[in-house]
Structures are given as structure tokens and as C-alpha cells.
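Next up: the same protein chain in two forms, each one alone, written as C-alpha cells (structure 1, then structure 2).
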Structure 1
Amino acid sequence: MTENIRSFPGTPLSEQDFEEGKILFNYDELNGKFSWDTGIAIGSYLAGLKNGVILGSRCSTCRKTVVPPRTVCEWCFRPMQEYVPLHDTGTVNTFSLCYVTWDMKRLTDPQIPAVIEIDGASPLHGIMHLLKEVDPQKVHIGMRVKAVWKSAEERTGAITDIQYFKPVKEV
């Protein structure tokens, strides 16, 4: 390492330099507002959640049942027109322990995102949601979980109509 690198030559920037206008910069903010038409499949899914039901769709050709429902089967490209109510229980396919929030705040108790394979759907088809009422040290792949719903009055037709999934006693 040379002497120059060790002594960090150059002029350091400080917050004050920006405030005093010694450093020129440009600030702008995008006003980008979007809505997303949910359409037939996701619209039906959200309507189902409002009624406290998880809907999937079934492909009559390759016999897969997927959740959330879709209008087309991605494997055989046939239309998926049969909507089926699924259970609100499932099995943890994978999970993670998040010790930092979405806006980068440290957490002592982790948030637990998980992919839950929903009972009634084909293997590997599930819902991306979160786990609560569980000891982070005891969460495991293959754990059986159940949805905790908002009350009927509070539900709006959104993925957050399910508050979280919690473990069910394995009998």
C-alpha cells in the first residue's frame, strides 16, 4: 500500500458542502402513479379472498391446480376456466428470517416471509405470505400452517385479507 492511499489524499465532501451549495447537484422526484387492472383471474382471486376463500384454477389438460388462479396454463397453453376453492391450510416450502425491514431498519424479532404450498393445489404451488405466532428458531420447511384471516368486515379483496399464517398442531 502506498503512502498516498494510506493518507487518503483529496478533498472530502461534507453534508455542509452540499447545504452551502459548494457541491452542485440536481434533485427530482418522479410522480409515477399506476393502477393495475386485475382482470378475470386475479380479480376472481381477490374477490375470493374478500369472501374468506382461497381460489385456485385447474387445467383440464395437464391436471395442475395452481394458486393464484390464471386464465392460461403456462405448461400446456390451454385456457384454465375451472376455478376451485382450496383450503386455507398448507405446508411451508421455504422461508427466511428477515432481520432488516423493507426500509432497512434493524429488527430483534425477525419477520418471516414464507412460500406456503396450499392444500388442494398441485405440489410446488403456493402463496407468498408471512408467518407469525411462531418461534423463529422452530420454523421449519415442511411445517404445517393455517391462514389467520381479517374479519369479514375488514376484508377488502387484497392479499392482506389474510393477516398471516400460523402453525397448526401436527397430529
Structure 2
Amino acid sequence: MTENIRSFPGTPLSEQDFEEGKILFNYDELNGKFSWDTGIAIGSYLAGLKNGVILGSRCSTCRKTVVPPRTVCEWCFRPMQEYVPLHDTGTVNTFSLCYVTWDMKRLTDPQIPAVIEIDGASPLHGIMHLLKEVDPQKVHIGMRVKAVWKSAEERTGAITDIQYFKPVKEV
């Protein structure tokens, strides 16, 4: 081992050298500020939410409309440049009754995340969001729901601008 130390130029340091103040060093806290670029499609989607509109993108080649919007069609790989307003209603595609929060706290009343197929989008296209104002035992696949929005003044351009979805009665 002494051979290896001798083969590298420099002075070896010990913990004792640090403790005795023989080593000059500087401690610093990094102040790294980062931002996330949403890109064209999601940026448009979030701007739409701030204005109380759910936006999708439509493929001019295969005619699919998807939400959230994308810049490239997943089926025909063509650019998707048309953004269209969709309804703020939809159909529950799947759901879960969650009696434990993300940080492992037990709940008496469950949170109900659901995938909601948004009206105006192609079949099987939608978003995941929370259901509220509903008896957990009455939630079902195929249930019709409507977005409950924050007030215009409270919206920030985030998915939480939709507070939740609630059941709607069909007439």
C-alpha cells in the first residue's frame, strides 16, 4: 500500500489534519433554482385550465382527439398541431377507493381517484382526477361526471384548477 501512495504525487490527508485545522476548506450551500418547461402541448393544456377549459389535441391524419394534448400522434406518428376545447364532463373508466393516503395515513372516508374519459376526446382518452360528492359505494364504471372548478381568481394553470369531478344526473 505504501508503494501506491508514493506513486501518486501530493500529500495524504487524515481526519486528524481536519480536526487540528491544518486543512483549509470552504463549506457552501448551493442555491440551485430550477424551473420546468412544460413544452407546447402541456403548456397549452395548463393555460386552458387556467381559463376554465380542458384542451385536447386532434390529429389531422387519423382524426384522434387526445387529452392531455400531445405534439405527436401516438398512432400514426404525425404532428398534432390543432388544439381543441373539450367538455368538462366525462365518464368514469376506472376508479379506486383509497383508505390510505400517499404518506401512509389511514382515512375513514376514502379518496376516490378515477380515470375519466373526457367528452369530446376519442374513446379511452381522459385524465386521472379525484371524485367527490359521491357515496363511495355508488361509484361505478360508466358513471357520468362533471368538473368542479376553482373560481377564476384562484386558478393558477395547474391540474388542481379542477378541484374534483362530481356525479351528474342524466336527464
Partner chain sequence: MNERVAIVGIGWSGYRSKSADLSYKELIYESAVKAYADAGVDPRKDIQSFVTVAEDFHEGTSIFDEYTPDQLGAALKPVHTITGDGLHGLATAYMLVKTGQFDIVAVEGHSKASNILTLPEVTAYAQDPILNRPLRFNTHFVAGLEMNRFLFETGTTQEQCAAVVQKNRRNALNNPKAPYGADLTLEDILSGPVLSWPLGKRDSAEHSDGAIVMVLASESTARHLNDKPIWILGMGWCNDSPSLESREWGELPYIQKAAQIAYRQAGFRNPQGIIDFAEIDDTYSYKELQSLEALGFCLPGEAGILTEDGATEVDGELPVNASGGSLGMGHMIDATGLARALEVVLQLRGEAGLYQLEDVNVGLAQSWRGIPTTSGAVAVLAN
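Bear in mind the structure is a predicted one, so any value in this text is a computation, not a measurement. Structure 1's sequence is the ruler for residue numbers, which start at 1. Only the largest set of C-alpha atoms that superpose within 1.5 Å between the two forms is called the rigid core.
Trainee: Can you tell me whether structure 1 or structure 2 is the form predicted alone?
Mentor: Looking at both, the form predicted alone is number 2.
Trainee: Given a superposition on the rigid core, I'd like a yes or no on whether Glu154 shifts its C-alpha by 2 Å or more between the two structures.
Mentor: Where the cores coincide, Glu154 shows only a C-alpha shift between the two structures that is less than 2 Å.
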